[in-house]
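Just the one chain here, the form predicted on its own, laid out as structure tokens.
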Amino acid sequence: MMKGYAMLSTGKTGWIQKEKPVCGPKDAIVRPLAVSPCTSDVHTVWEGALGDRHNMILGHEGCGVVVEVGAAVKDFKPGDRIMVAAITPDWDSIEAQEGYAMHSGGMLAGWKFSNFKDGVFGEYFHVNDADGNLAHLPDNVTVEEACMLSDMVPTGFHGAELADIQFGDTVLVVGIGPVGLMSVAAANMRGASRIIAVGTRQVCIDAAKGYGATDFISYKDGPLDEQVLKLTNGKGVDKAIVAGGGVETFEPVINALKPGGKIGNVNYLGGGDYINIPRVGWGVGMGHKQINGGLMPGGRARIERLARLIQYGKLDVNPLLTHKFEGFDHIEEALFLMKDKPRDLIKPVVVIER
């Protein structure tokens, strides 16, 4: 048996005992070294965004040490310190062959941890397709940084990819929590000239400045589209990344977008049934304004490429890590921090073992 922190039912969490996961021939069993709760866990538990789940261990961000591998695993062995992305596709699937591995087995089905199976907030966790989904943890990447490589970095960077940011673009980033901050960093790396960030918490504004944001606006100061158009002399932005807000967020973003502009959405929409697209703002259907929403790519190649940005000093994720805990039993406290979001929080991390 093992201990884990679980979603007991919608709106309820707690510690439970469960059977240790079983290792298949292509799989690995991992003991966590560090984990981090996510706003997605909050949506899942307290908004029921994925539907009711019973006694499902939470968590999809972490790193660990391999304790067991299946007979078909070639590149990993017990004792290896590893990184793992939040999305663990089945790499031999048709969807993977078609370029959408994150949807292997069905829409969003590459997201397995704390969705279809127990997540990483247990004393052990299971990783499918270990050779495709694990990555060796570099010596100069800390366990805290490795947690950010599970989800925050790849999701934020995917927002910049979905928005197709080019050199010189003026970019709007809606939401500068940890994912949005990584979207700011990615937009800056891809050559954005001006990055307008939407946020109110000073700790996030300070971090966003460090990652390359040039202007800041707030929902509290009026409609976002009006503020953006004022800042850009009525022209609007070339691209936008949506990393926060709800279904109502898309209307002002579309209004603030130039004809031919693109929106990259990486925000987990936890509630609402429909997204409103403004008829006139969308060019009465002919404005060439695109909305691209996507689950971030998972897998070994992706996490290794992003880890190199940290290894060689191109990206510093430490400004995200505002609250650090030592010890497995602090997982509950860290999760509730993400739920309550005190003003000095960006991201908590729980170190279990170094």
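What you see is a predicted model, and the numbers here were worked out from it, not measured in a lab. All residue numbers are counted from 1 along the displayed sequence.
We do not show the form predicted in complex with nicotinamide-adenine-dinucleotide (NAD), though everything after this point is about it.
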Select, from the options 90 to 98, 73 to 81, 136 to 144, 259 to 267, the stretch whose residues sit within 4.5 angstroms of nicotinamide-adenine-dinucleotide (NAD) in the predicted complex by heavy atom distance. 259 to 267
Taking any heavy atom pair closer than or equal to 4.5 Å as contact, tell me whether G180 reaches nicotinamide-adenine-dinucleotide (NAD) in the predicted complex. yes
Non-hydrogen atom contact L306 with nicotinamide-adenine-dinucleotide (NAD) in the predicted complex at 4.5 angstroms: no
Is there a non-hydrogen atom of S114 within 4.5 angstroms of a non-hydrogen atom of nicotinamide-adenine-dinucleotide (NAD) in the predicted complex? no
Since only the chain is shown here, I'm wondering whether L315 would be in contact with nicotinamide-adenine-dinucleotide (NAD) in the predicted complex (any heavy atom pair within 4.5 Å). no
Of these, P319, G287, G48, G294, which has a heavy atom no more than 4.5 Å from nicotinamide-adenine-dinucleotide (NAD) in the predicted complex? G294
Only hit among G244, G281, G236, G132 for heavy atom within 4.5 Å of nicotinamide-adenine-dinucleotide (NAD) in the predicted complex is G244
In the predicted complex, does every one of R194, I196 and N255 come within 4.5 Å of nicotinamide-adenine-dinucleotide (NAD), counting any heavy atom? no
Just to make sure I understand: among 43 to 66, which residues lie within 4.5 Å of nicotinamide-adenine-dinucleotide (NAD) in the predicted complex, judging by heavy atoms? H43
